[in-house]
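One chain follows as structure tokens, the form predicted alone.
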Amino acid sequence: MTDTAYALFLDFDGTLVEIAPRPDGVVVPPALPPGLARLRDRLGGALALVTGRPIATIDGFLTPERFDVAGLHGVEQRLAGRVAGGDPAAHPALRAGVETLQRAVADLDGVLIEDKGCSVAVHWRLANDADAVRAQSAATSVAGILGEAYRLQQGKAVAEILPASATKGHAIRAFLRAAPYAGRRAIFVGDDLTDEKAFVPVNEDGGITIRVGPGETAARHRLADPAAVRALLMGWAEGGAIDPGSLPPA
């Protein structure tokens, strides 16, 4: 039976899957892609990933399934198979900034540069404290050079430079203006600082917000970890009552 009451928006890292030491080290449980596909069918297509990852990377992790995705915090969007945005050539200043950043952290152990084309992330999860501080300083410096057209987004042992107009909240609102999402109540599940900024507009619009893991949050509900998220979603996919309001409060 199709449920047309809700539109489901899901972060990826730290929400659907456990965070890995390296961005390419994420482990996707084999049951996750087909389970999400069944849940999408139950929701009449109203399921999307809202992530800092590029769309192509999400496709690789969730192959062979293809989902609606707001990638790079909304810089690129795929809806009903049509992709908009995401051209690195449209960001020449950022491309120069990536080269500057790579030079700045070249001698730092455990610091990784994740070049996403239209954004760049600096990861220091594997670095010692001193190198982590230098990595953060380098990201802050480059973001400052780029000016108001770009912003620095902090996360869990990561800082990302991306277009200032790109936020997960804006991406969710854009999807909610299009079929099959329009007219539904949004459910957004996320775990990080980037998601916190999206919880606020989703709450303002009467949606349901779910924080994954500990910490202060603007979300109204909470799940312990990605395993709990997967269990909830797979239960919904198999016909369980979709009643997110009954989840534990944050």
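All residue numbers are counted from 1 along the displayed sequence. The structure displayed is predicted, hence computed values, not measured ones.
The same protein also exists as the form predicted together with a small molecule; that form is not shown, yet it is the one meant from here on.
Using a 4.5 Å heavy atom cut-off, which stretch among 109-117, 89-97, 169-177, 129-137 contacts the small molecule in the predicted bound form?
-> Only one stretch qualifies here: 109-117.
Single option in Ala37, Ala56, Ile208, Val26 placed near the small molecule in the predicted bound form, where near means a heavy atom within 4.5 Å = Comparing distances to the small molecule in the predicted bound form, the residue within 4.5 Å is Val26.
Flag Ala20 as yes or no: does it have a non-hydrogen atom within 4.5 angstroms of any non-hydrogen atom of the small molecule in the predicted bound form?
-> Yes - in the predicted bound form, heavy atoms of Ala20 and the small molecule come within 4.5 Å of each other.
Can Ala157 be called a contact residue for the small molecule in the predicted bound form at 4.5 Å between heavy atoms?
-> Contact check for Ala157: yes, within 4.5 Å of the small molecule in the predicted bound form.
Does Arg151 make contact with the small molecule in the predicted bound form, using a 4.5 Å heavy atom cut-off?
-> Taking the distances in the predicted bound form, the answer for Arg151 is no, it never comes within 4.5 Å of the small molecule.
Exercise: Trp236 in contact with the small molecule in the predicted bound form, heavy atom 4.5 Å = It does not: once the small molecule is placed as it appears in the predicted bound form, Trp236 has no heavy atom within 4.5 Å of it.
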